[in-house]
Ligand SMILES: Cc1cc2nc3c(=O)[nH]c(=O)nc-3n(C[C@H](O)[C@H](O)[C@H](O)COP(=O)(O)OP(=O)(O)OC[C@H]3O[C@@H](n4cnc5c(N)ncnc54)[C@H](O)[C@@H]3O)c2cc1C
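In the block that follows, a single chain appears as structure tokens, in the form predicted alone.
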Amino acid sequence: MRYNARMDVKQQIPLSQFSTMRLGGTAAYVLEIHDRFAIAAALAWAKERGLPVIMIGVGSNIVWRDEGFPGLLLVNKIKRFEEQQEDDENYYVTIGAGENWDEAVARTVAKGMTGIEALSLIPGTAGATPVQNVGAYGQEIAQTLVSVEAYDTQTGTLVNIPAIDCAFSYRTSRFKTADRGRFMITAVTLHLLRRNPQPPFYGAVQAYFDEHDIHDYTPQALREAVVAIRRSKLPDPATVANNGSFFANPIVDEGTLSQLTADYGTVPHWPAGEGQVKIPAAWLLEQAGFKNFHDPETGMGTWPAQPLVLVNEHAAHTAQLLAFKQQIIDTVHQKFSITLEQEPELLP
């Protein structure tokens, strides 16, 4: 392992350190970024050497290929937390892209702010949240996001992108699609309200409130409910290698739903607008036989309490994960004629 004296660039680093699935090849170069103004210098360093560049957070939504990355990997460590109060109820909070997301949520909740408390315990950094329009338990980042600050690699400048220009939709944005790799996010600004969250709540959350006889719906109460629910269903990526939910919930037309209902009886679903419905991918996996499933050939499995979470039990290579993923996709498609889409990003 060697270092660049000027910028502390590390060489030949295992990419498994930068994915909570703990798989992948080797990065040629790795550099931590602690200041948004350091990005330009890092890119110039890479350009001098003809190297491609990728910026990441902690890798909670990343799968690295076995071939590795022959360029410069920037690890976003940019810290920032600033509040701007408009009036007694309206607050604007700017969070550095390298901040731990759950810690940032906890800070806003401690101040009585609502808007992101249902996104508690989602692993990763704040800068990752707009990329796939992170959402859970009835909230998504697009509902509160005001703007994204980012370094535009095309113009070489820091820019502020308003939410309306982020092309948000279900689990995606322009940062994941049309402009993938163009913007290196340095901060997000959110509009939060200093008041209690308002019902109706997501079904699992309301069930938790009812079970625990909770009627004072504070941001803290909602956060505690979500944390308890997530911990009961999902493994901690710090101790169990996983990327969280591996497949997005598919959106189908009502005709497909009618056919599924005729074939399988009651099918859980909820409206997705414009004559479409969203079906839980977890239900499809259970029906296809992947609940608490363990595959000795690939070393992969599904988490007992949530089949959407693929767990690296003893896989050594990304190829094994991809083989297991494809096995699930093929089985579900054969049974339901629905093609599941992977949520974690496959890099490079």
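Given the structure is predicted, the values throughout are model-derived calculations rather than measurements. Residue numbers here begin at 1 and follow the sequence given.
The same protein also has a form predicted in complex with the named molecule, omitted here; what follows describes it.
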*May I ask whether 59, 129 and 171 each come within 4.5 Å of the named molecule in the predicted bound form, counting any non-hydrogen atom?*
yes
*Ok, 71, 235, 138, 112: which has a heavy atom sitting within 4.5 Å of the named molecule in the predicted bound form?*
235
*Taking 4.5 Å between heavy atoms as the contact cutoff, choose which of 38, 28, 54, 319 touches the named molecule in the predicted bound form.*
54
*Close approach of residue 76 to the named molecule in the predicted bound form, 4.5 Å, heavy atom*: yes
*Considering only heavy atoms, tell me if residue 97 and the named molecule come within 4.5 Å of each other in the predicted bound form.*
yes
*Closest heavy atom of residue 244 to the named molecule in the predicted bound form, within 4.5 Å or not?*
yes
*residue 230 near the named molecule in the predicted bound form, any heavy atom under 4.5 Å?*
yes
*Interface segment, criterion being heavy atoms within 4.5 Å of the named molecule in the predicted bound form, picked from 192 to 200, 118 to 126, 154 to 162, 262 to 270*: 118 to 126
_Suppose contact means any heavy atom within 4.5 Å; which members of 262 to 278 contact the named molecule in the predicted bound form?_
none
